[in-house]
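Single chain ahead, by itself, as structure tokens, in the form predicted alone.
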Amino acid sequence: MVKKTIEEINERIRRGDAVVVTAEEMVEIVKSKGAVAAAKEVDVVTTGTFGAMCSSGAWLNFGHADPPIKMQRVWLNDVEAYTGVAAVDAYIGAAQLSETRGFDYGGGHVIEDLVRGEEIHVRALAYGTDCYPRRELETTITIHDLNQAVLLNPRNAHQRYVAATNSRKETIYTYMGTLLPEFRNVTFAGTGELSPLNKDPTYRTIGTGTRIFIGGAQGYVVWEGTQHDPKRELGTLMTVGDLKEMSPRYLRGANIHRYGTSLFVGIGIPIPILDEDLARTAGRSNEEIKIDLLDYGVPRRDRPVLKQLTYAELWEGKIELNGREVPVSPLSSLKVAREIAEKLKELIERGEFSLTAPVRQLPVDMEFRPMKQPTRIITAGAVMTREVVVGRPEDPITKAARIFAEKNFDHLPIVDDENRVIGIVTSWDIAVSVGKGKQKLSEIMTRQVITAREDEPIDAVARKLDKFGISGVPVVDARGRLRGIVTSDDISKLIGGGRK
């Protein structure tokens, strides 16, 4: 039985004879020598992750102006920061968007620009008081002008994450990146066997007070992260570090196409190998770490799990899904994660980074719960018309024209023999086909049909109508079979109280 303490390992670090390996090296050591031998040989395993961590931000203190101002609202490069704590303190969130540049620039970019030493335009408004009479302020600052610039991130370093794909017939834009229609691509996050919490999945050595590498500087774990979900091996960390000591190499603003802005954060955590149990978990390989592939085409919290995948499969760059090969793209940088693990290894070997024992263990039994909602969410299934008149691709255009005239509606879903939606024709399509010599519905129907699911919230359906400039969508099941139809008139009636 191997038993070591953090104090003993720190003494070896001070003497310069601690054995430090990266997480990937530890996988090979455990594989070849076993957990007991690995525990005897290795003192510290270094980890690394580098990916978009939207739940990040920085506390900034500007110092007092003359005359002083109690900032009610403040913008940094036109990105608004939160000021509801004191006169000249503000918290800028990574996901906050610029009011002038939209998705192209946000809080994550401001944080990166600060770290780069660039000038930041500051604009503030206030209501004015006897002791803080100033109502407006405009200036430029750099990070060196701030009294404090502290990166304080509510949720970082997910233990595992998910892989995402999209069953819809249209491309969707998510925090998991751009997902092509009909399962045509897969994206995933996390660094697998390099990821810190995968190496110590019960958080024996990671907790409040653990010293970490964050953004190129030394920082600490301050609490469990928000949405910490240890029962499903989905733990998270709340982290802190001095922004003034950080590097833009490991802290990068990002915009996720048509979703929003974020901050790529580099984090490395040393895992002290106190016994063979820790050696065993630190030696877990990509082949052993599984994540769920979720259908993000379903707009609800509990998205269906299509299959489980290992990180080894994902890093191959393609997987088999529904009988065909699908390309896979990572949202985290394996290259930078490896660099972080190596950098942390060097710091420990040089005696510049010592280990700390947690002063509070992270909880291992709490559950992440959904938001409490006092009102029922209205779905497409509750609003849709269930008795839908349909057409076949071989039907003549004149048949559709008669249907529109007799039924007084504008949308005719075109279905195949299994009632799957393969197209849609509108009254406008009929009108523009006159005089063009078209005969069948297959010649004029729209084949890339925008659809909805029965459990899709009606506000999401309304966004689709607006986004694509259409006035109705067929409602389908998971196999694309027609269940009903929702039109802009149905939504108008709902808003106006015409549908209960």
Partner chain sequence: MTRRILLRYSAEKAAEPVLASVIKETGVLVNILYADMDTKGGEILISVKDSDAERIFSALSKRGIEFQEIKDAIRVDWDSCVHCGACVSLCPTKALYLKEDASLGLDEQKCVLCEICVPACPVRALKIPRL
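Numbering follows the first chain given and starts at 1. Note that the structure is predicted; figures quoted are calculated from it, not measured.
There is another form of the same protein, the form predicted together with its partner chain; it is not shown, and what comes next is about it.
Participant: Would Gly253, Phe264 and Ser332 all count as contacting its partner chain in the predicted complex, using a 4.5 Å heavy atom cut-off?
Facilitator: Every listed residue reaches its partner chain in the predicted complex, so yes.
Participant: Tell me, which of Glu346, Glu367, Glu136, Asp104 has a heavy atom within 4.5 angstroms of its partner chain in the predicted complex?
Facilitator: That would be Asp104.
Participant: Of these, Leu76, Val415, Ala341, Val186, which has a heavy atom no more than 4.5 Å from its partner chain in the predicted complex?
Facilitator: Selected option: Val186.
Participant: Using a 4.5 Å heavy atom cut-off, which of 396-404, 421-429, 152-160, 321-329 contacts its partner chain in the predicted complex?
Facilitator: Residues of 321-329 come within 4.5 Å of the partner.
Participant: Should Ser354 be counted as a contact of its partner chain in the predicted complex, where contact means heavy atoms within 4.5 Å?
Facilitator: Answer no; every heavy atom of Ser354 is more than 4.5 Å from its partner chain in the predicted complex.
Participant: Is there a non-hydrogen atom of His257 within 4.5 angstroms of a non-hydrogen atom of its partner chain in the predicted complex?
Facilitator: Flag for His257 set to yes.
Participant: Is Val390 close enough to touch its partner chain in the predicted complex, meaning at least one heavy atom pair within 4.5 Å?
Facilitator: Taking the distances in the predicted complex, the answer for Val390 is no, it never comes within 4.5 Å of its partner chain.
Participant: Taking heavy atoms only, is Phe62 within 4.5 angstroms of its partner chain in the predicted complex?
Facilitator: No, Phe62 sits far enough from its partner chain in the predicted complex that none of its heavy atoms falls within 4.5 Å.
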